[in-house]
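This document starts with one chain, in the form predicted alone, laid out as structure tokens.
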């Protein structure tokens, strides 16, 4: 008897069902018959539509038998990773929004106390209960005074025999001090990166650091090998919000300087763009339009952060003088020291030089969110869904 022709089998199965065992047995007519088979994954579909197909015609006197566990045919997608999320007092509201995004995220508490001399007296509740768990901490370094107590917790959590540790620091606060311009300048961004790079390694390896729209891209090279920085962005939140506006087809994006353009233009390249620049006239530095035309457009000024707001206001004035119909602004990090957010008023109709239609910020700076809540033109775009998704990586 001549050998049977090769039998080609193709499998259509979702990746989630590959974990259960699967055996394909081809039983020959006699022990002398020998033939080969080939298996291919051709698609990834719904688990309920798992199937096996034979490409060739049935081989006479041969009986193909498929043996697969019931679990492989009926299993649901792989369970989400369970994460225990700790937080500081400032980030409680954001932590609750993150937990609301996924049943796989469980909030855990820390007791934040101080001794009489003002130094931290901290306690991690049910420390033994997080053994073997994926753990995250949501931090806010809003001032030097709160950094030490949070670092104490951040350094302690990986030592509790946890499976992995993720530090979520939405705003990297020393980012604007990233370089030395003359001898004696101290790059405090580098200092903070070194401190975070020395977080103890957990059972799962180096700590993962999640931060949004860091001020200077070169700061990613400040971190050591003991930490894995994940740089995320709030720009997708802005794009989703712009699509909801009634004049979404009349929006242009303006950048207050070349630095903002370099950081964000690739994420916003489907919008018409306007690039501004600071130029020196005598002893003053003023903002000029370098390229683009704002006339008749709803112009949205985009930058990574705002402090005093002086540059944004100058940019707003020059855009209005060149015929912008509406002006709004977006920054990922609304820092606003000394309540400088009060400098921005609402345009209630046709006066873009005096007010903004919208001023969008994220909740990366929780203290600012409390101050501007329900105060037009400010509107908060929450990072909760982005953080929840990143915790599942």
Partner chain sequence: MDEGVLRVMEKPNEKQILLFYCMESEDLARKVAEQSPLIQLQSINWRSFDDGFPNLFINNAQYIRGQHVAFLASFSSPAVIFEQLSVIFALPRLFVASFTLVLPFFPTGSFERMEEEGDVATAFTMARILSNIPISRGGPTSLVIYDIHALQERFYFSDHVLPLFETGIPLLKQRLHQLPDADNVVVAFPDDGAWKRFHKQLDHFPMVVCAKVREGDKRIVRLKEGNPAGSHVVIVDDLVQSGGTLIECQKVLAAHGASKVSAYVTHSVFPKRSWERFIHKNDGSEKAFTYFWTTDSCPLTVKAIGNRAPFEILSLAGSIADALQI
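Positions refer to the first chain, counted from 1. Because the structure is a prediction, the values reported are computed rather than measured.
From this point on, the text means the form predicted in complex with the partner chain, which you will not see here.
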**Study point:** The unique member of 198, 248, 163, 233 whose heavy atoms fall within 4.5 Å of the partner chain in the predicted complex
**Key:** 198
Exercise for review: Report the residue, out of 133, 321, 267, 191, that has at least one non-hydrogen atom within 4.5 angstroms of the partner chain in the predicted complex.
Suggested key: 191
**Study point:** All of 151, 156 and 307 with a heavy atom within 4.5 Å of the partner chain in the predicted complex
**Key:** yes
Practice item. Determine whether any heavy atom of residue 244 comes within 4.5 Å of a heavy atom of the partner chain in the predicted complex, and answer yes or no. Key: no
Review point. So in the predicted complex, does any heavy atom of residue 281 sit within 4.5 Å of the partner chain?
Key: no
Review point. Is there any non-hydrogen atom of residue 93 lying within 4.5 Å of the partner chain in the predicted complex?
Key: no
Review point. Taking heavy atoms and a 4.5 Å cut-off, does residue 120 contact the partner chain in the predicted complex?
Key: yes
Review point. For the chain shown here without its partner, which stretch in 141 to 149, 207 to 215, 296 to 304, 95 to 103 has non-hydrogen atoms within 4.5 angstroms of the partner chain in the predicted complex?
Key: 141 to 149
